[in-house]
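Here's a solo chain for you in C-alpha cells, the form predicted alone.
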Amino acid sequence: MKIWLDGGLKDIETARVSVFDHGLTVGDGIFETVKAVDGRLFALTRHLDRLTRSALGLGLPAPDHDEVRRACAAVLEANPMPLGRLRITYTGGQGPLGSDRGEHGPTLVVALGETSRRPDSTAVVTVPWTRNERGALTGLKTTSYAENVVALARAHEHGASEALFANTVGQLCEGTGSNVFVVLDGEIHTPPVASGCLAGITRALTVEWTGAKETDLPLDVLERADEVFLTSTLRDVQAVHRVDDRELPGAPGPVTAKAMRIFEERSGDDLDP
C-alpha cells in the first residue's frame, strides 16, 4: 500500500506524521472521502471545492487543487482496486500542544482503502445527542469526529449502520456520515443546510437530479414518513428498512427505488458532475 504524504508517495510502513501534528493533538484538520471505481474518482471537483470551503472555515490556507489531484492520481495508480475509499486529509500541521497553531504549514495525506458495495437497504437509529446548527464547525467536514464515533457505536449496538441526529431545536438534521431524506405523500424532502447538516456531495446531486425539496422537518417525521433513505459518497442512495423499532417493509419503496436508479444512471454518465 502506497500513501501520499507531503509531496510524494511513501510505503505504509514508512509514512509518518509528527506526533505534534495539530490534526492529531486537537483535531485541527479537514478531510474528504471520494469514491474510486476502477481507478476513477467520482465528483472530485465538488469534493475539492468543499475541501477548500472547509479549510477557509477553519482558517487554514486553501489547499492547492493541482497538488491534491496529482496526489490522488499517484495513489490510485499505485493501488489498483475495483472499488475504493480515497481519503484526503489536510491538517494544521505541526504545532504546539495547545490550540494555537504553529508555523510549519499544513500536512496533506492521501490514502486509499478497498471497500465493497453497500446493501440496498439498512437500519438506522436516532440518538439523544444533537447537532449544533450554530457551532463554529457547522457545515465544515473536519477531523473532529469523536461525536460521530460515539453515535455510530450506539447504532452498531442496536444492529444499525447509521445514527441520526436532531439539531438543538428538535429538527431532523443528518447522520454521522450521511444525509437523510424522507418521502411524504410521494414527495422527497431533506433537511436544509441551515439545519446544521453537512452539505453532502451526494445530497446535492440527489436534490438536483430528483427535485427533492429542502424542508425543515421535526425529528418525529421519521415516525410517519412513507419512505426514508440515506445518501453519502459510499452509500450513494440507500434505502432504510428500519428506524429505531419502526419497520419500513418493502424498502426500497417506489420513490426511493426511482431515486436510486436515477442516481446510478446519472453518476454513470458523468464522473465529475
Ligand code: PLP
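The first residue of the sequence shown is number 1, and the count goes up from there. Just so it is clear, the structure is predicted and the values come from calculations on it, not from any experiment.
This protein has a second form, the form predicted together with ligand PLP, left out of what is shown; the following refers to that one.
Contact check at 4.5 Å (heavy atoms) against ligand PLP in the predicted bound form: none of 2, 70 and 107 pass. Partner proximity in the predicted bound form, defined as non-hydrogen atoms within 4.5 angstroms of ligand PLP, places exactly one of 181 to 189, 75 to 83, 115 to 123, 139 to 147 at the interface: 139 to 147. Proximity of residue 210 to ligand PLP in the predicted bound form falls outside the 4.5 Å heavy atom cutoff. When ligand PLP is considered in the predicted bound form, residue 238 lies well away from it, no heavy atom lying within 4.5 Å. When contacts are judged by a 4.5 Å heavy atom cut-off, residue 232 counts as touching ligand PLP in the predicted bound form. At the 4.5 Å threshold, heavy atoms of residue 167 stay clear of ligand PLP in the predicted bound form, well away from it. Scanning 94, 176, 161, 195 against ligand PLP in the predicted bound form with a 4.5 Å heavy atom cut-off leaves one residue, 176. Contact residues in stretch 55 to 78 (any heavy atom within 4.5 Å of ligand PLP, taken in the predicted bound form) are absent; none meets the cut-off.
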